[in-house]
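Presented as structure tokens, the chain that follows is alone, the form predicted alone.
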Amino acid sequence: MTLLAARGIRKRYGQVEALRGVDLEVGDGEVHALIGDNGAGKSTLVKTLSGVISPDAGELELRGAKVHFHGPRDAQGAGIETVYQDLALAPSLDAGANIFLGREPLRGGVRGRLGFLDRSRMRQEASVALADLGVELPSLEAEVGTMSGGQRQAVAVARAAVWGTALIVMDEPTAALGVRQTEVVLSLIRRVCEQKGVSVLLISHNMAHVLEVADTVTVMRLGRRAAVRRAADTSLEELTLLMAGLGGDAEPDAEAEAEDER
């Protein structure tokens, strides 16, 4: 079943048309990869799905119902969480405080009315969330800024898994990570999907990682959807050719090709 559908999405910045009628369908409970060269429109599409920008044309459907996002909070309210490449973590706070960042629970009684945070509850629930994902941290009280890149990425993923009930968007989650840390993050992606029943939209330049964890791959080129492939039925070689514009499912776009040549 289709969880999220984007149909005919267009976005223009002055004379540059970043998205040229893009379609995207993310299945329920799947890892769906979005790949393409720089300038293909991936970031603009992700910002549209996350409520950061509004498209000039097109529509979004979530579980078959049309949705309109006027900001990131609308997308979050619909169960869509985004893990950006910079992670958006507070380095001086611990894992629990980061997982509840902007959604901090208050203590009961008078202290709650005075704005005192329930730090014990945050750490307890963070511990459960991290354990569910098989994440081990040096200490729940350690500042996130003292952790390794892989551990920080795990905290960001755990935060998305706690609040994302429909879709988690991950923007280049393995960028700048070592081999072992990358393996941990890729394992996390599959675990989130299988244990939480949440779909994952993975944006990555690393096609080997894409083929390792994705169920479906959408290739974008020049602001259009160039092709959709089942990961099990494609190869690194085919995906490379599709990104280069050799083959694909989309009709040729003379304007886009001319702009690319210029």
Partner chain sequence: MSALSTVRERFFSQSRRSEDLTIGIILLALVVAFWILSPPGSFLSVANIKNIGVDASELMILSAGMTLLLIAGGLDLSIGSVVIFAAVLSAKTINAVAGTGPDTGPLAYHHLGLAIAAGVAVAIASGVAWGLFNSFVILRLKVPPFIATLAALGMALGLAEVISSGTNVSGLPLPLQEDFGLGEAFGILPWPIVTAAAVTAVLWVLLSKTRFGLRTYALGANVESARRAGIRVDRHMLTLYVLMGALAGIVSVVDIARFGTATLAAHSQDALSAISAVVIGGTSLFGGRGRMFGTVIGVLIPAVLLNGFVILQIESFWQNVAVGAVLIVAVYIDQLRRQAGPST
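Residue numbers count along the first chain shown, from 1. Every value quoted in this text rests on a predicted model; they were computed, and no experiment measured them.
From this point on, the text means the form predicted together with its partner chain, which you will not see here.
Note that among 186 to 194, 112 to 120, 160 to 168, 126 to 134, the stretch whose heavy atoms approach its partner chain to within 4.5 Å in the predicted bound form is 112 to 120.
The listed set A154, A78, L89, L177 contains one residue whose heavy atoms approach its partner chain in the predicted bound form to within 4.5 Å, identified as L89. Proximity of D74 to its partner chain in the predicted bound form falls outside the 4.5 Å heavy atom cutoff. With a 4.5 Å cutoff on heavy atoms, G108 does not count as touching its partner chain in the predicted bound form; it lies far away. For E143, a non-hydrogen atom is located within 4.5 Å of its partner chain in the predicted bound form, even though that partner is not displayed. With a 4.5 Å cutoff on heavy atoms, E104 counts as touching its partner chain in the predicted bound form. Contact annotation for the candidate site: V16, G21 and F69 all lie away from its partner chain in the predicted bound form (no heavy atom within 4.5 Å).
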